[in-house]
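In the block that follows, a single chain appears as structure tokens, in the form predicted on its own.
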């Protein structure tokens, strides 16, 4: 990129037009199902505790408060709306992740997030399939368990392998001192990223289900074949992760315990503690309705629609041009 061309958008006029069509398609999809569109803050007082997500801190001084965070997801605020009786809702929003820039990542990206009251993860997967396959005109996804995907592509049983053997599997990508800093989930994430994900969804879209309970985040947990697993799913199309969905946890005490556990992991990783979002926890305590929710990356969905391999081709102005 030369200085003379730096002002120009990186997306073609055809990509910009397809983005507009995508937004119209999504809004029509939810209008037909009477799901309410909402808006929640992009700039808020709290970030997230998730050790794998680095938010972008803001330096705002207003209303007697200092600081703030650009949101990594609208999830907490949308759940506050659900607890207040909104019914099923969706949102198209800009979200932010610090340190992420590559062919599939930009620090700022577009997310479609929706919650369906009365749905579980299975019902919501059908919803996701309707939207994604309707837009891409592709085959409907098949379901594959996290365990089977790991066995097929990484040759490990994620529920049975010892920590020592798991670390040994990661030696092909990292130095010993780097491996020593990883916990069990960090090793599993490494295997998933390098050995499994590139092979997913190649013949047809695939939902990965049944994640280890330690990776539940905000999802409910059940025991399957003697192992606690999360009611969480991800969708892969042509090796690209498109979305992450949960049958939502409605137990405020368990949610607080998970946030506090996140902060302990952050400390072990040398990351600062994140203040817990008490307004969100109060909303869950008040009564989050039985629901399922999912966050879907609109930029990646557009990449699949247009057959591009670089997110810059679907963004008007990626970070280096913004």
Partner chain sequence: MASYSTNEFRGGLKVLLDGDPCIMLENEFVKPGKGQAFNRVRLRNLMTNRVWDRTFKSGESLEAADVIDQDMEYLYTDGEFWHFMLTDGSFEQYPADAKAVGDTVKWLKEQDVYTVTLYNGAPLTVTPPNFVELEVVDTDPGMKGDTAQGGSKPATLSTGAVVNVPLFITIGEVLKVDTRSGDYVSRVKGG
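Residue numbers count along the first chain shown, from 1. Computed from a predicted structure; not experimentally measured.
One more form of this protein, predicted in complex with its partner chain, exists but is not displayed; see below.
Only one of 162, 222, 178, 143 lies close to its partner chain in the model of the complex, with a heavy atom inside 4.5 Å, and it is 178. This chain appears without its partner; in the model of the complex, the one residue of 206, 127, 100, 120 with a heavy atom within 4.5 Å of its partner chain is 100. A residue is said to contact a partner when one of its heavy atoms sits within 4.5 Å of a partner heavy atom; residue 53 meets this definition for its partner chain in the model of the complex. Its partner chain in the model of the complex comes within 4.5 Å of a heavy atom belonging to residue 232. When its partner chain is considered in the model of the complex, residue 192 lines it closely, a heavy atom lying within 4.5 Å. Looking at residue 138, you'd find every heavy atom of it more than 4.5 angstroms from its partner chain in the model of the complex.
The partner is not drawn, yet in the model of the complex one stretch among 78-86, 130-138, 243-251, 152-160 has residues with heavy atoms inside 4.5 Å of its partner chain: 243-251.
Across the proposed site, 174, 182 and 186 without exception bring a heavy atom within 4.5 Å of its partner chain in the model of the complex.
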